[in-house]
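Okay, here we've got a single chain as structure tokens, the form predicted on its own, with questions on binding and movement later.
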Amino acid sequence: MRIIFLGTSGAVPTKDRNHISIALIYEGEIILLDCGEGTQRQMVRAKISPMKVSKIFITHLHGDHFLGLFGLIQSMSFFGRESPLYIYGPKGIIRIVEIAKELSVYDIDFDLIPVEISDGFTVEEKNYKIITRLVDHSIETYSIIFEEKKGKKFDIEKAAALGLKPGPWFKALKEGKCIVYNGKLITPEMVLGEEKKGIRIVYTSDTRPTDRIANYIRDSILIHDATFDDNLRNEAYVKYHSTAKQAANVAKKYGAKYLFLIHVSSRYKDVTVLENEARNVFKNTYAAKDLMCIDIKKDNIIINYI
């Protein structure tokens, strides 16, 4: 599992920070969380193929979160993409995709499939699911929660009590299949226990501190709005954003494993002030930077730059 921050700026980009976009790379599939202006150039720098992007989630319809769609879609067409592209977003996303098609003077020869999301909307795949939950911003805005599905723990003692010995039937039962062993039907429920913990990533998008996503944060990698330092908490409240300290309080209160600060205002040339402010509350805090790459290895993360 890999996270690449393609853009980490607030509403206005800087020479060091692109508009918001995050790439999740999981088992060869690429999922984009937001697609701000300039995303495709950042993908070139990160050596991410647009042809491998299967899904794009737009958290809300402020321009810094979706205006990169138009160029990216056209480039996909230039490259001869054939596989469908799913674009998820709040009410209005269908019209935006229609506009993208209308503006292009080139034929788009692959299926663009816009899907409107809502609070609790879920995309289920074999090895993961993605959930969208409303947060507290000035317009309809959704957090994006990625949860890896690891399956249930195999109870060796229960298997032994049923007379099962190690073999290919173990794998079948782990995969949720029933087997017949020595003439006896054995179902997965007879040998499987609680769900194994997989990777969980919670991206808040733009928001004030909120408890609407509290149940998802424990043991997660939390990517949280940190537009301002805490001296500007009143401005953050009025503009429906969070401070770095507030993000850290959320991480600490709800038991995140790591915190990454994102959507940094262009007024901060050096994000050390935000990182230090948050670390005073929550130690495992990092200020996300463009082209920061996080490799997730079981319970640890490795941070590099591309």
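Remember, predicted model here, so these are calculated numbers, not experimental data. Numbering starts at 1 and follows the sequence shown.
Omitted here: the form predicted together with another copy of the chain. The next part is about that form.
**Q** In the predicted bound form, does each residue in the set S83, F121 and T187 place a non-hydrogen atom within 4.5 angstroms of another copy of the chain?
**A** No, the whole trio is out of contact, none within 4.5 Å by any heavy atom.
**Q** Would you please decide whether D16 lies within 4.5 angstroms of another copy of the chain in the predicted bound form, comparing each non-hydrogen atom pair?
**A** Yes, D16 is a contact residue.
**Q** When the contact criterion is heavy atoms within 4.5 Å, does S138 count as touching another copy of the chain in the predicted bound form?
**A** Although another copy of the chain is absent here, S138 would touch it in the predicted bound form, with heavy atoms inside 4.5 Å.
**Q** Can you tell me if L67 lies within 4.5 angstroms of another copy of the chain in the predicted bound form, counting non-hydrogen atoms only?
**A** Heavy-atom contact with another copy of the chain at 4.5 Å: present for L67.
**Q** May I ask you to state whether Q74 is within 4.5 Å of another copy of the chain in the predicted bound form, using heavy atom distances?
**A** So Q74 counts as contacting another copy of the chain.
**Q** With the partner removed from view, which of 126 to 134, 156 to 164, 90 to 98, 177 to 185 is the stretch that lies within 4.5 Å of another copy of the chain in the predicted bound form, judged by heavy atom distances?
**A** Among the candidates, contact is made by 90 to 98.
**Q** Given that another copy of the chain is left out here, which of K252, R41, K55, R279 has a heavy atom within 4.5 Å of it in the predicted bound form?
**A** In short, R41.
**Q** Going by heavy atoms, what in 245 to 273 lies within 4.5 angstroms of another copy of the chain in the predicted bound form?
**A** Residues within 4.5 Å: none.
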